[in-house]
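One chain comes next, on its own, written out as structure tokens in the form predicted on its own.
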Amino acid sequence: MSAPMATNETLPARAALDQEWRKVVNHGLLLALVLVFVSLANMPVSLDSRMIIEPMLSMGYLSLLWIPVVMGFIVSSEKVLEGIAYHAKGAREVLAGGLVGLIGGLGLSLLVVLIDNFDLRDPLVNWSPALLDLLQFGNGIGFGVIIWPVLGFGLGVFGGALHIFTAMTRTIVGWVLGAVLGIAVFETVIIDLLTERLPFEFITDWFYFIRGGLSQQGAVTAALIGGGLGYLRVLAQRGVVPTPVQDYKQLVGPERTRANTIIIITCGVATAILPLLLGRITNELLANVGLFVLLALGLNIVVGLAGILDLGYVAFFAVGGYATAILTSPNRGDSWPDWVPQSHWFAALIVVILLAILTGLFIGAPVIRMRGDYLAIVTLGFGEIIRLLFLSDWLGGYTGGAQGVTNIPGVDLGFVEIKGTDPRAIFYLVAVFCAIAIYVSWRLEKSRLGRAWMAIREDESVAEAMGINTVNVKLMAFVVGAVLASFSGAIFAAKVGSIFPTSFIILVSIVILVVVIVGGMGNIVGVIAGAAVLIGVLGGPKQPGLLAEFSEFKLLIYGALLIFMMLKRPEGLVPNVRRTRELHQEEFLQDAWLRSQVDADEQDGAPSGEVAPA
């Protein structure tokens, strides 16, 4: 039996026809299935009105065209382990990508033929002439049947060819595509920023078409900007130009503290100034993102630090919203006695905090000794119980039942009243509470309690054996998470001006959990990034994002993104170092074993490229 390689050896590229044909066919059929599913989900038709490059490319066509590229890249990928020889990339990978794209394109051609000849709109509501016209590019059945295999083959070839590009070329191509798509997607924010308070209409006129989407010269300019940034990224990786991120990571002691202070001050100044330069729509979007950041910071303590899978987190959000509404609104339930006064928002906030603590103890105490799936299911049940209690006739005289609580006043600061009609003021209020939550989360993470939470997350049995009172520590996680969620509920009540049970469906808990997982569990910056990406771009359960056209597909995208992150990057977009080590412990141990084995071979005088026999 041959010994493992000590270093990666590059073998010659394999012949073009030396394919794993079953793998190619399986990936091609999977691609065809995905393309047909996306088409019948009505995504191309619904998104066709959102232009990326006018008049060449819409979001509808992009929803189909990117998939063959990714699948062509995947089928040509090969996992390279340390010390194992691998083949160089060549025509084989390009042909594999092309064949997968061809099979996927044939699947769409078959769909075109079927839609043209059969009427299946009874079971498939999106089986429509509009979809047929889009798949034919408006040029007839023959064109539609021919063009998709050709496009699929070409896009698959491009995906496979990415393997034979140099690292610099791949980086630049990625930045070019990312810049074009990013500038197109953030059209609303960019136009708001450059034209609301600043006299830069000429820039937006250059980049964007009058009816939306990048103009052709704007797309070229965006590509050039992306290419330049990609080239700078390559130079930074090679050490030619300085990299602020790497320089920051190397700082220690007082220098690191000074850098952190500068970053915090810069972020605070940007948070204070940016809303002044933006319009009403973008400030509303930022306020929604801030509310979910506040919610996610609380759930990050429960799930990210303590490792408690809480699927009923919306209950704490509901308690904060309803308590604020009942205490501040003159239109609360009829069963309240006259001696219960209508309170100021800040006075109500004190009661909200106390109720959140009690709710955290009430939900946490019965289930705290459970673990894993059992705990998740029970918290899910408690979340639904709280919502149904607010909806029930039993408490309807106090909570308004299905009618909810209306006419909720804003936050009166004396010199100004913060209401939902002023999204900029709401954003500033949310930003203040987010700053409090960030500071509390950071201090708790570094404290003895935070270390106890992380010990329980890693292994609860070992933590208990080491003397940690796991019951009390987990209850503290519930309580802190409940308080932070109640802050968000209190602001939400003042922002919206009315509270209904339908505002606190279980989907809210799931979306917040997705934000924490995608952003990076246990990492404050990751939670903020996750909320900005998901809520800012796609929107919340009932809140619109930058891509309002995706409103009916949000749950589909959330699910697909969650599956992808769990399989490929479970540590999240901005990973926590400790959490990354937990999730990739086996890989770290394998690499450590290989490195120590190589060192032992060198000491024993074994030739490079072989490991001395045991």
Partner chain sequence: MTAAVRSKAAPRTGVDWFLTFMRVGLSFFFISGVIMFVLQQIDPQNPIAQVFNPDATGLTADQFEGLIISGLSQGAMYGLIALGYSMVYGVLGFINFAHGEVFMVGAMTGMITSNKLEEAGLWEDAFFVSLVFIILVAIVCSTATAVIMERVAYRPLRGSPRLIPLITSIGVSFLIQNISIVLLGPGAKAYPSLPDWLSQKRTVLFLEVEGTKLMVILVAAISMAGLWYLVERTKTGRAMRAVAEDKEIASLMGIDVNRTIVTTFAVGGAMAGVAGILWGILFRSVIHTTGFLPGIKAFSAAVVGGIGNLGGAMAGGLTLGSAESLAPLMVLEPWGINGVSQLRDAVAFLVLIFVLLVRPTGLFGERLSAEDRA
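Source: prediction; values computed, not measured. Positions refer to the first chain, counted from 1.
From this point on, the text means the form predicted in complex with the partner chain, which you will not see here.
The partner is absent here; in the predicted complex, the one residue of Ala259, Leu235, Leu193, Leu309 having a heavy atom within 4.5 Å of the partner chain is Leu309. Interface residue among Thr243, Asn126, Ser215, Thr221, judged by heavy atoms within 4.5 Å of the partner chain in the predicted complex: Asn126. Here the chain stands by itself, but in the predicted complex one stretch of 491 to 499, 282 to 290, 413 to 421, 368 to 376, 368 to 376, has heavy atoms within 4.5 Å of the partner chain. Relative to the partner chain in the predicted complex, residues Ile210, Ile273 and Leu429 are all farther than 4.5 Å at every heavy atom. Interface membership of Ile456, defined by any non-hydrogen atom within 4.5 Å of the partner chain in the predicted complex, is ruled out.
When the partner chain is considered in the predicted complex, Phe362 lines it closely, a heavy atom lying within 4.5 Å. Proximity of Pro55 to the partner chain in the predicted complex: non-hydrogen atoms within 4.5 Å are absent; the residue sits far from the partner. Among heavy atoms of Glu201, none comes within 4.5 Å of the partner chain in the predicted complex. Taking the partner chain as positioned in the predicted complex, the residues of 537 to 560 that bring a heavy atom within 4.5 Å of it are, in sequence order, Glu552, Phe553, Leu555, Leu556, Tyr558, Gly559, Ala560.
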